[in-house]
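Read the single chain below, which is given as structure tokens and is the form predicted on its own.
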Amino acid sequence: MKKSDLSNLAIKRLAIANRGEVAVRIIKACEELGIETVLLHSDADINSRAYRMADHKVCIGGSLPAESYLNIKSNVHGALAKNADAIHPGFGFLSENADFAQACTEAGLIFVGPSADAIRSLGDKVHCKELAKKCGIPLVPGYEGEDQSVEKLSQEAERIGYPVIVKAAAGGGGRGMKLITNLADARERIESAQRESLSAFGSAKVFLEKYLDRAKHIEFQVFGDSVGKVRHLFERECSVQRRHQKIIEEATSPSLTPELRRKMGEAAILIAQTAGYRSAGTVEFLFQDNEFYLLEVNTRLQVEHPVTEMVLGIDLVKAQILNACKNFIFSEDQYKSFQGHSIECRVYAENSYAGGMPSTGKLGHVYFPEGPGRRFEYGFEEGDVITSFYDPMIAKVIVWDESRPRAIQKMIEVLNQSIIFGVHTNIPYLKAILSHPEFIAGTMTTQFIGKYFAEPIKPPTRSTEMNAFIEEIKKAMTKPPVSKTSSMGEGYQNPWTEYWRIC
């Protein structure tokens, strides 16, 4: 699109109903389009990177998600208070909430995403499976009935045969998802999933699926343009997961033949087209024994969307915004092939040597090594605080190279050079995964983490000389200050005796 065309966009000011790195990502897309931004934020996210970048800010509630990011009225009223034309929901929180999309539309706001009807049709996992059956798309055996009593769900788990997984009907991201391996555990796991689903998505409805124990998780990026044409933008490999949360994602998958890619891509287009889908979405599949099964459809932007952007040269967030302005149409020859390979690692504030225990606190020095084929998306900078209220993701590190082996090598080098002070991170954990023979071969399944990384990784051993050097520094740094107000300033805390780490 030519620069002159941007003055005609229907969106002049866009509100962001989200936080962290995705809020920053949306702000950057808006800056390129000449659109002002309004950050709808909680108390806890004052002075975050997105807060500093946004043109306008509105505090919509307290630190708890239910008080702010999950509060439909507060988000809509905040957008209207700053005269926004539209709302972008990002991912998570209200991004797959049909009532939110409808409330935005009824308030005269453009919802940057699919219609409320499409979200209801595909975003609800039970309705999505019903639609898939009509389309003839293969499904994992399960139960999606209206009887949500624990007794009925337990009976259905027995019928399906263990192991069975119980999932939230209204959400994703691993929340409200529990594995049932026997009847004795069924009641507790089902009730736990229902509680978690209600808390995270406002609905306690769940469904059951047979648990595939050797499956790969492969998803197809779909996009419906302004005239209703749906295209798939190839696939992502997302099999490296811990507790149903993705850790490392790739584009494209090393597991698919051209024929399988064609069949799965056609199935993804079919279900999206049938639902009248527009904007960005993801159709997720389980792939085992050369067969694929529909898992779910995410009616939103995905956390891992950058790897698709890297191999295709598309900006999915800009495309979403332009599409909401009825100004994005695919041409026949666009995005028909991909180039090279891209990998994304999610950098979390957690202790790699303590089984992923969360690590909160103020960030010290943060450094990401810039370079060709390297991309960093982060919502926090030096001085910002990682709290316990939200997902502990600090940043996403994305690389691109001409082949998968070279992309793996580049990612390891980038992680080696990345520096984060103030909290533990999972960088050592990520490097261990990237270096594992099964990951390098591309044969990993969703059981990969449980099989090889069930226990915390071991910390590196230090040489005698290094230990002696550290002890000398500790002694030098732990000398008592001359006065209450040291040369470092009042309130200075010794970084060696306080809680800080570099990973």
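Remember, predicted model here, so these are calculated numbers, not experimental data. Think of the rigid core as the biggest set of C-alphas that the two forms share within 1.5 Å after superposition. All residue numbers refer to positions in the sequence shown, first residue = 1.
Not pictured, yet referred to below: the form predicted together with a small molecule.
- Using a 4.5 Å heavy atom cut-off, which stretch among 104 to 112, 209 to 217, 274 to 282, 305 to 313 contacts the small molecule in the predicted complex? Comparing against the small molecule in the predicted complex, the contact stretch is 209 to 217.
- Query: Out of 411, 286, 186, 301, which one falls within 4.5 Å of the small molecule in the predicted complex, going by heavy atoms?
  - Reply: Spelling it out, the residue with a heavy atom inside the cut-off is 286.
- Query: What is the one choice in 120, 396, 232, 125 with a heavy atom within 4.5 Å of the small molecule in the predicted complex?
  - Reply: Looking at 120, 396, 232, 125 one by one, just 125 meets the 4.5 Å heavy-atom criterion.
- Query: So in the predicted complex, are 79, 90 and 320 all sitting within 4.5 Å of the small molecule, heavy atoms only?
  - Reply: No, the candidate spot makes no contact with the small molecule.
- Query: Taking the shortest heavy atom distance, is residue 244 within 4.5 Å of the small molecule in the predicted complex?
  - Reply: Contact with the small molecule, yes.
- Report whether the minimum heavy atom distance between residue 295 and the small molecule in the predicted complex is within 4.5 Å. So residue 295 counts as contacting the small molecule.
- Item | Contact label in the predicted complex: residue 167 to the small molecule, heavy atom within 4.5 Å | Contact check for residue 167: yes, within 4.5 Å of the small molecule in the predicted complex.
- Message: Taking the small molecule as it sits in the predicted complex, is residue 140 in contact with it (heavy atom to heavy atom, 4.5 Å or less)?
- Response: Yes, residue 140 lies within 4.5 Å of the small molecule in the predicted complex.
- Kindly check if the Cα atom of residue 179 is displaced 2 angstroms or more between this form and the one not shown relative to the superposed rigid core. Moves: yes, 2 Å or greater.
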